[in-house]
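Heads up, what comes next is one protein chain in two forms, each shown on its own as structure tokens, labelled structure 1 and structure 2.
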Structure 1
Amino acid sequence: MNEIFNKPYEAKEFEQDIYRQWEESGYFNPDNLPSRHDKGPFTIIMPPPNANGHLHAGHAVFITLEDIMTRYKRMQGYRALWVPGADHAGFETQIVYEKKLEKEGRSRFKMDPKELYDEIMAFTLENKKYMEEEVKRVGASCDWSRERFTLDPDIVVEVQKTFKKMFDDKLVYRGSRTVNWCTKHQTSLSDVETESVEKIDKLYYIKYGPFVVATVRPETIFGDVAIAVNPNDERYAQYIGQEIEIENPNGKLMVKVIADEAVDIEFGTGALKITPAHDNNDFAMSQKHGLPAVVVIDQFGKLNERTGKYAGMKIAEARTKVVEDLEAMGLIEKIEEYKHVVPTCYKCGTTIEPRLLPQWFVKMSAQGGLAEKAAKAVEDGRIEFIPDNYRKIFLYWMNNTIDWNISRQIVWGIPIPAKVCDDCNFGTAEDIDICPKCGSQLRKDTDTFDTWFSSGQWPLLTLNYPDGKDFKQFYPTDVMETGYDLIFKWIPRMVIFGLYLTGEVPFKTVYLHGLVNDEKGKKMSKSKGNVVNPIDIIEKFGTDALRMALVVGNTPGNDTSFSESKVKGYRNFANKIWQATRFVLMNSEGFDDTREPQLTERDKEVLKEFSDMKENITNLLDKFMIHLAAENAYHYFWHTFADVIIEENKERLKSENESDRHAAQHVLNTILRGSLKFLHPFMPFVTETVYDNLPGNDGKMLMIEEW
């Protein structure tokens, strides 16, 4: 018996070395697998972690789940491929870096874009290294030789080609409309990057000529171009179509009265002021009725020169001031408390300021368009969700989607390869210099892509679409495993791009895991101080223990609670595997496995139970019931094999009857070796360490043994 078994299992002593051996074996790369591995392929694309910080518990969960799937399939003889990556995470990283700048007393707005870009690149590349090291610590058996970064030059080229193709196919267009603008971050955001927050604001009833209009934004009255009423509202029928004079603190103004079904007769006074430049609804209505848009608030959330004496004031200040002045003029009829929902920046909570800007949009919702095709793929069962209820959520979103704004006014990202006209808002993906619409000089667009524009193509880009041999071999992939919070942000984009570019879905199964909460079931957050760093846990209890704690009882689609005592329990289990091995080896001196054992009825029963258990775990893994598979494997090994079977056989191992002793040895060795296999996907380090040190296993690697 190898002397390493003479002291308790200490994960730290083995894990990093084992990982290095795996890497050196080359078997993470399916091209290097032995010829037995002729099934498949089986492919998972790793959701690329953001290269702007360290791993958190959520990363550890997805790495564990995907690693379990990959190792299981690899052992089954599939050509298993798990492609790692790193995400430049445009807006997210830019914010992380801006905070850093802020701490240093610097600001991105005072920096040259190139200089800023280079600094963020250096920062990202450094963090990328940490991130990769940490992914390895969790035991990821992914193919590092295929690792991709979302800013790799060839990937940038491919992403830009997609834009061009979509432009040619009229699926992207330059639109000038109200977009979600964050006044703090100075960029527009897509609909999924805003968060609706309930707020209580004042609803002001303002006398407006013969009308009273209700508004929460009196400071925008300088941008009003119309009053809208419902065509069926008898109170106002006489005014429809007229130009009427209204009064505001800056003087008198003519506005048109329009009729639109969208106006709710019951709400407020049934009359609505229309400010196209600063409200999404109003903008839509202005388009319908051919009204102009008057901009009165600038990109910093301050009132502009059109507002006279209010120019330069911030929105909140201007609102107070305007209301005071209106009140003095006797134009405020009443003020009510009003609860409503406002969109905010999902990163900083700043209220989104709708802003009229020319931007690039992906046409999502047209009939037979991108969203509809994605919905159809799911309806047809070409993509399956685990858990199944996310199918409905996905479909709901696909059927209610709006055009996707892909322009970001930040430097950290892939440049949009377009030329734009500042005079008439024309934009093109063609390489021309003069605006065909107005004759002005075009300039290169300085905006970058929404990060989801590139990560939406990730399953294609990682496999070197369109000409790479990986693409031909491994696309479409098998499983996309990610957090349920990405059901809108990421999953639909991948489906859309996959179908658009290849006609095929990018993956067949979407497995969604939940959040990792603390031991009380509360969300982890820095401010609560309950954040768990997976690397700390690994240092303390070992990777295998962490993995089990994250996986057992963690049902797909549901949040899971993490507690150190749970990890401790599985650390003990790792040692249990170690000690059971030690016992079996101590009692296997002279054991010759080639001889046919004389099995008792009980032996046969025990071996049958064992093979039933193997089958059970296999079925569970096939059904993606990883939480149950892990628990059953654990339970069988400890409470059946160690507690019952080993105990039952202790006497026989000391028996003078050689044949009986041999039968006992056979049973124990068979189950031990077999159990190491079914435990391996969950607890790869301890099982590999044990397996490598079993007599006769020199040079063998459990990772590629037959399931």
Structure 2
Amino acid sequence: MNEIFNKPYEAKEFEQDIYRQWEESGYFNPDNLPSRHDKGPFTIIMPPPNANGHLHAGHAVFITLEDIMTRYKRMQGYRALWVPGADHAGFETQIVYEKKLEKEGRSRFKMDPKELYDEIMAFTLENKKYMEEEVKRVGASCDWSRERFTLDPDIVVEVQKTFKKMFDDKLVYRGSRTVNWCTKHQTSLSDVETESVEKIDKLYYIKYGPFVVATVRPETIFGDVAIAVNPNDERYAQYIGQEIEIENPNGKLMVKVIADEAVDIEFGTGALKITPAHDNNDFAMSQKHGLPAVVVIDQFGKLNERTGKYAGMKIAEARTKVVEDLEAMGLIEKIEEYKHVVPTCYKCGTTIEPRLLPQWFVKMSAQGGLAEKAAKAVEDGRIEFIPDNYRKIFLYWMNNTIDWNISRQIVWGIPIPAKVCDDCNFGTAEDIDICPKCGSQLRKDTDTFDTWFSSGQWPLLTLNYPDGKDFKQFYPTDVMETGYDLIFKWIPRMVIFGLYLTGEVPFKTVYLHGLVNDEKGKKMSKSKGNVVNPIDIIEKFGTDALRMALVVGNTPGNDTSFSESKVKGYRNFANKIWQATRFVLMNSEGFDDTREPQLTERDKEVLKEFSDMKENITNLLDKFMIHLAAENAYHYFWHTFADVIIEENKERLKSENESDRHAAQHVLNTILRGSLKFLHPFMPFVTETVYDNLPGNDGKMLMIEEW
């Protein structure tokens, strides 16, 4: 027996050396796998972690789940490819860097764009190195020779080619529409980059000629162009189509009364003031009714020169002053408290200010268009969701989508390869210098792509679409495993681009995991001080213990709670594997595994139960019930093998009956070696270490043994 088993298992003594052996073997690369691996490709594209900081518990979950899938398929004989990557993460990384600049007393708004870009690139590449080392610490058996970064030059070229193709296909257009604007970060955001927050605001009832309108935004009164009522509201039928005079603190104004089914008769007085430039719903209504849009709030959230004495005031201050003046004019009928949902910037919490801005949009909702094709692919069963209820969520999102704003007013990202006209807002992806609409000089667009525009093409780009060998061999991929929060943000983009560019779905199965909360079920956040650093946990308890704690009890699509006590329990399990191995090896002297054993009926029963357990774990993994597979593997090894079978055979191992002793040795060695195989995807380090030190293995690697 190898003397390393004479002391308790200490993960930190073995893990990094084992990972180095895996890397040096070359078997993370499917091109290097032995000839037994002939069942065809199995491919997972890693959701690329942001290259702007360290891993968190959520990263450890997806790495563990995807590694389990990859190791399982590799052992089954598939040419398993798991492609790692790193995301430049556009807006999110720029915010991280802006915080660094603030601490240094600098501002991105006072920097040359190229200087800022170069600084962020250096910062990101440095953090990328740390992040990738941490991915390795969690045991990821991904092919590092194929690692990609979303700003690799060839990827940038392909992303820009896609934009030009979509422009030529009339799927991308430039238009002036209200967009979600963050006044702090000075950029537009898509709907999925905002968070809805319930707030209590004042609801002001303002006298508008013969009407009383209810609004939470009296400061936008200077941009009002109409009053809208429901066509079925008999109270206002006589006014529909008329122009009426209203008063505001800057004087009198003529507005049109329009009828629209979108007006809720029950809200307020059933009459709404319409401010197209500063409300998304009002803008949509103005487009339908041919109304102008009057901008009265600037990009910094201050009232502009059109508002007279209020110019330069921030929104909150202007609201107070306008209400005071309206009250003095006798135009406020009443004020109520009003609970409503307000969109905020998902990174800083600033209330979103709808802003009329020329931007690039992807046409999503046209009949027979991108969203409809994505929905049909799912309806036809070409993509399976785990859990299945997310299929309905995906379809709802696709069936109720709006055109996607892909312009970002930030430096850090892939530049939009277009030219724009500042005089008429025309935009083109063609190589021309003069605006064909107004004759002005075009300039290069300085906006960058929404990060989801590039990451939406990730399954294609990582496999070297369109002409690469990997693309031809490994696309479409098998599984996209990611967090359920990305059902709105990332999953639809990948399906859309996959279908648009190749006619094929990018993956066959979408596996969605939940959030990792603290042990009390509370969301982890730095402000609460309850964030778990997976590397700290690994240092304390070992990688295998962390992986099991993150997987057992973690059902697809649901949040899971994390506690150190749970990890500690699985560290003890790793040591149990070690001790059981030690016992079996100590009692296997003279064992000849080539000799046919004389099995008892109980031996046959035990081996049949073991065979059934292997089949059960296989079936669970095939159904992506990973949490149950891990739990069953754990319980079988500890509570059946160690607690029952080993105990039952202790006396037989001392028997004078050599044939009976040999049968007992056969049973224990068979179950030990077989258990190491079905435990390996979940606990790769301790199982590989044990396997490496079993007699007769002579350099064999468990990671490529037959499942």
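Bear in mind that the values here come from a model prediction, so they are computed numbers and not experimental data. Residue numbering: structure 1 sequence, from 1. C-alpha atoms forming the largest set that superposes within 1.5 Å between two forms make up the rigid core.
Visitor: Out of structure 1 and structure 2, where do we see the form predicted on its own?
Guide: It is the second structure (the form predicted on its own) rather than the first.
Visitor: Would you pick which one of 202, 314, 175, 561 lies where the chain hinges as its rigid parts rotate between the two structures?
Guide: From the list 202, 314, 175, 561, the one at the hinge is 175.
Visitor: Please state how many degrees the smaller rigid part turns against the larger between the two structures.
Guide: So the smaller rigid part is rotated by 6 degrees.
Visitor: State the core-superposed CA shift for residue 271 between the two structures, in Å to one decimal.
Guide: That residue's C-alpha sits 2.6 Å away in the other form.
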